[in-house]
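In structure tokens, the next block holds one chain alone, the form predicted alone.
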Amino acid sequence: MFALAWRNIWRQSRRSMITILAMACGAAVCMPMMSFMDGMFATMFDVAVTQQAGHVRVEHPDYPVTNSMFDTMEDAQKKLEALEALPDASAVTWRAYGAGLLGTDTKSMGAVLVGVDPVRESRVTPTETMLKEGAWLTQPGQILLGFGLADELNASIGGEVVIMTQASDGSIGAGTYTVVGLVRSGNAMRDNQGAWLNLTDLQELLFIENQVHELVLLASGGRDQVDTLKADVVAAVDESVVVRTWYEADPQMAEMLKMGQQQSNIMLVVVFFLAGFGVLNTMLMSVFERTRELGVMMALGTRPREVIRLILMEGFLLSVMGVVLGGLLGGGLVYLICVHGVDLGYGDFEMSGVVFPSRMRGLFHINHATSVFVSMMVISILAALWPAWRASKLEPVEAMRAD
């Protein structure tokens, strides 16, 4: 059966090659496009979720609505220790937020103040990629500026900035800090208005000693284990706080990532349709051209189910060759996109508050490549079902009379 199907494919070598190339091109185009989109949305997820919202966050119940410096959590140290003991949490950090006026010798400007624990924050945030220049926070009295904010203030590494703000007790908080680094977080707002201080410095500045606004956790199993981690966190803390997942804290980002997956699925459907149509056309033409031959085979005792197996085998062989060739071509393109990236030629650009680099790199998932190959083969075989069924219904006498 295999030998006969193989011979039948190459009777019309040009048509078979066109079908194989069409499927190969479909796979070769689909794979790098999916890789590129995965890389783009992974960058967005990393900047907007992993580095900021975290997979799960714990806050004062009113803070998500008010964003007020007064809505802090009590017994933060105790909560932090309880959360760090959770086996499903790969990293935990705590943060405090405020607003203040930053000034240098020549200029002043409002900024968002972020107080972080330098050690714990480095376990959550990839500080080595976050820094554009300089070094990460190591001791009190240091400050990091978003590179856009630093440019507006004419501040440079090694220089000093003065912060003035209103403390929680109504007094004026003020301090002088040394700039040790410039931040390029990928978040446009933070890069242009953000300043990072040691957590103890901000607590002292705002007079909120031993208080924080949020605890941020990363799940050890990534985003797939977020719900499990949330359940553990709820059990570990008391009812005086609210626990939210990243998609509850940022539903717009969750919807955008969902739309990205839907776009990938639509692209797959289009490719599969074209591949199936190509196989259907090839198999139908093959059946029409071999009507007399099929009639002779059936007159000599070939059963209808064996005719169906023969046609399906031909469709299967076409799909295998198309998938193998497409895998080679697509794999090469995916390698180039993932390793070398694609220079969009427009410089850095912003979308939904996330700054993307001019050179975007893809992200390869073996399950996506497998789904493309398996689905294309299944669709090709399904497309061959109708020609196979039609061939099995031929009347031997009438078929042998066909031109």
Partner chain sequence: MVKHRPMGFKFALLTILCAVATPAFAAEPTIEELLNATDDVNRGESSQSTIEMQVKTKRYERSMTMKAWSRGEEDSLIRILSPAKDAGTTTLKVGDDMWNYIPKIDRTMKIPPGMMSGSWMGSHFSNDDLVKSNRLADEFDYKKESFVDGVYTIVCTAKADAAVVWGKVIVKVRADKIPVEVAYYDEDGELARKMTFSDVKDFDGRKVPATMLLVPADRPDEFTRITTTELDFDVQFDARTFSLQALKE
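Small disclaimer: the values here were computed from a predicted structure and weren't measured. Numbering follows the first chain given and starts at 1.
Not on display, but discussed next: the form predicted together with the partner chain.
In terms of contact with the partner chain in the model of the complex, the residue from Glu128, Glu209, Asp169, Asp238 that brings a heavy atom within 4.5 Å is Asp169. Comment: the partner chain is not present in this chain, but in the model of the complex one of Ala231, Ala174, Val324, Met189 has a heavy atom within 4.5 Å of it, namely Ala174.
The closest heavy atom approach of Pro251 to the partner chain in the model of the complex falls outside 4.5 Å.
Proximity of Met283 to the partner chain in the model of the complex falls outside the 4.5 Å heavy atom cutoff. Though the partner is left out of this view, Gly103 does reach within 4.5 Å of the partner chain in the model of the complex, counting heavy atoms only. Contact annotation for Gly222: none of its heavy atoms lies within 4.5 Å of the partner chain in the model of the complex. Residues within 4.5 angstroms of the partner chain in the model of the complex, judged by any non-hydrogen atom, belong to 161-169 and to none of the other stretches in 161-169, 239-247, 75-83, 261-269. Shown here without the partner chain, the chain has Ser108, Met109, Gly110 in 106-138 lying with a heavy atom within 4.5 Å of that partner in the model of the complex.
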